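Here you get one chain, nothing else, as structure tokens; it is the form predicted alone.
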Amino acid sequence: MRIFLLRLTAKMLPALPTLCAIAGALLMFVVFLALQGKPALEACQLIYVGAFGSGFAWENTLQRAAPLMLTALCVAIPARTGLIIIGGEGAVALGGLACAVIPMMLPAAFPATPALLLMATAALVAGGAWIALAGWLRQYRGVNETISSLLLAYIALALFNHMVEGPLRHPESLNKPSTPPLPEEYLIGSLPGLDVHWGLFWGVLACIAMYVLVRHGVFGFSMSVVGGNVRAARLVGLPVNRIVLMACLLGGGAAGLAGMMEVAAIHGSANSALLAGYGYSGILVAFAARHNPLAIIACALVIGGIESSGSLLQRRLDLPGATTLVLQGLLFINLLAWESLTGWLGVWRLRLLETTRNPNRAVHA
């Protein structure tokens, strides 16, 4: 029994900074609302109700969590190689734009399944190539990937707006410029029994696939070596540049696929509604999950639930719709603050695991 508890504790230790960050963010959020004279505890209860309190709330949460899973992978996969990529919003925009362009190039009555495959491929390539460009600038020109990916995101958004409001604008889209609407047969339907599109399925599947890749695959081990010590990776003969570019390509492709899902399942065309900040929220999800693809699923549900509860707070307590953004910001600040525990917890985890292998050895601080 003692060995079981030690192993369970060792497995739970990596999640401690995230749990502390959530508790700290909620405490600061309560103080923030109390200073305004708002019922803070009631607001926290409404956030839960708006996120998970009913079947309708769950569907809204799952709908928002689907793209967050994919955009979080855009941060988490390159992070395995030591890169901090924050330009997922640009990959989402270009992925959605590429998805909307493909049907315009296809002949009439083109079969739906091949068309959807082409749309998904175009989104993967567009998003992957854009993030891979940030990786290329880092590896071959020494440009900081955090800055370059953010600036590339601004360029991608400007390119998106130019194309949607200019060359690709549908003549009938007057007040809200958009590309021509997708044919009905090219739209992605809902999961059986749920009012949630198939993007949720592909998001979960992508997270599971990436977990298997990074934790049990040779390429995943190579990424960890590169992220841990680039010099050692080069000494053992690993193609560091190729590994980094492939990680960026995979992450950007996931974000591009999120854009495709939003266009083909929600909006029906590429327009400004696609730029809903999923790429930026994905950064928070990835950091909360500590770049673990499986943990991304749970964290995406939490962040998606917080976002979906904003309208309920607005109706019941007359709070601004951006109130939930304050909570997300506080969560991000707390995640950074509690990051200092990581090294200390890593040492304790190793000692606990060593104790499970040698039960007679005591665990000392």
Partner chain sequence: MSNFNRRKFLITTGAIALTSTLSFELAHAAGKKLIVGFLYVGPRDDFGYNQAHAHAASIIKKMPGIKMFDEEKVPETVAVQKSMEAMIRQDGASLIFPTSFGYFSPHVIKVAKKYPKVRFAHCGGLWTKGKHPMNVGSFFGYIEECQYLNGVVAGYMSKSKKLGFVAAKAIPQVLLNINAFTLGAQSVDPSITTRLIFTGDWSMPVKEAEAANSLIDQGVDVLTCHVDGPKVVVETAEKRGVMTCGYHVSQAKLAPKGYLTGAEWNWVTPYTTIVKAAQEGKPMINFLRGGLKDGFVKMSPYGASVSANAKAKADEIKNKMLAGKYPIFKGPLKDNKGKVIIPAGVIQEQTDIKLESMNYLVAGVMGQV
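Note that the coordinates shown come from a computational prediction; the quantities given were computed from them, not determined experimentally. Positions refer to the first chain, counted from 1.
One more form of this protein exists, namely the form predicted in complex with the partner chain; it is left out here, but the text below deals with it.
In summary, the region of this chain contacting the partner chain in the predicted bound form, judged by heavy atoms within 4.5 Å and restricted to 73 to 81, 141 to 149, 99 to 107, 266 to 274, corresponds to 266 to 274.
Contact between R169 and the partner chain in the predicted bound form is found at the 4.5 Å heavy atom cutoff. Among residues of the shown chain, F52 is not one whose heavy atoms approach the partner chain to within 4.5 Å in the predicted bound form. Put simply, L174 is close to the partner chain in the predicted bound form: some heavy atom of it is within 4.5 Å.
Although the partner is absent here, E42 lies within 4.5 Å of the partner chain in the predicted bound form, judged by heavy atoms. The partner is not shown here, but in the predicted bound form the stretch 291 to 328 reaches within 4.5 angstroms of the partner chain through a heavy atom at S311, L312, Q314, R315, R316, P320, G321, A322.
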